[in-house]
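For reference, the chain that follows is the form predicted alone, supplied as C-alpha cells.
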C-alpha cells in the first residue's frame, strides 16, 4: 500500500512511518520543513530508500499541499491511505480572557483546515486505490459529552475535525472509502509528555491495522480509538 502521513518527522507520525515500512508499505512522509527536526526520519529514508519518500508538506498552505499532491500524482498515480496526523496544541489552560485569537485561528488552520486541504488535493489519487481509507488523528478532547475546561483552541478544533470526518464519511460512502477520526490515546510524545501511558508505536500498529482492514469497525459514527472502539461523541 502507498500511505501518506502528515507530520511524519516525530511522535506518532514517525512511528506510523516506521511501522508502515516494516509491514512492507510505501510511505509519503509529509513534513512542514524538511530541514528541521527530521534526523530520525532521514535515517528511516536512508534505511528504506525504496519505501520512504520525504516530501515537503505544510498543511496550513494551499500552495504547498497542491504542489505536493501534483508531484505525488506524477510519481505514484495512486494512494491507498491518508493519515492526517499533523497537529498543534497551543493556548493550553488559558482562560477566555487570556486566549490569543491569533493562536486559536492558527490551531484551526492546522488541525481542521489542514486535513481538509490534504483530502481536497489528494483525494483524486486516493480514489485510484484498491482499498483506500482516510484516518484523521483526533482526540478525546474533542468529545462534547466529556468536555473539560482549559483547552479552547485544541478541543474545539478536534470537535470540528470529528464533524469534518463524519461529513466526509457520508460523502465517500458510495465510493467505499472509510473515514475514521481516531483518538490515539495519551501517548509518550512531545505533546503528551513522557509520563503518558502509551508508546506511540502501539497506537501506530492499531491505526495500521485499521488501514489494512484487519479490524472491523462496527461503530455508527467515525469517532473511534486506535483499537477501533467507539468513542463518546
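Numbering follows the first chain given and starts at 1. Just so it is clear, the structure is predicted and the values come from calculations on it, not from any experiment.
There is also a form predicted in complex with a small molecule; it is not shown, and the following applies to it.
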Among 183-191, 44-52, 66-74, 170-178, which stretch has residues with heavy atoms no more than 4.5 Å from the small molecule in the model of the complex? 183-191
Kindly indicate whether 58, 139 and 158 are, all three, within 4.5 angstroms of the small molecule in the model of the complex, using heavy atoms. yes
Contact between residue 122 and the small molecule in the model of the complex at 4.5 Å, heavy atoms? no
Exercise: residue 12 in contact with the small molecule in the model of the complex, heavy atom 4.5 Å: yes
Exercise: residue 153 in contact with the small molecule in the model of the complex, heavy atom 4.5 Å: no
Just to confirm, residue 132 within 4.5 Å of the small molecule in the model of the complex by heavy atoms? no
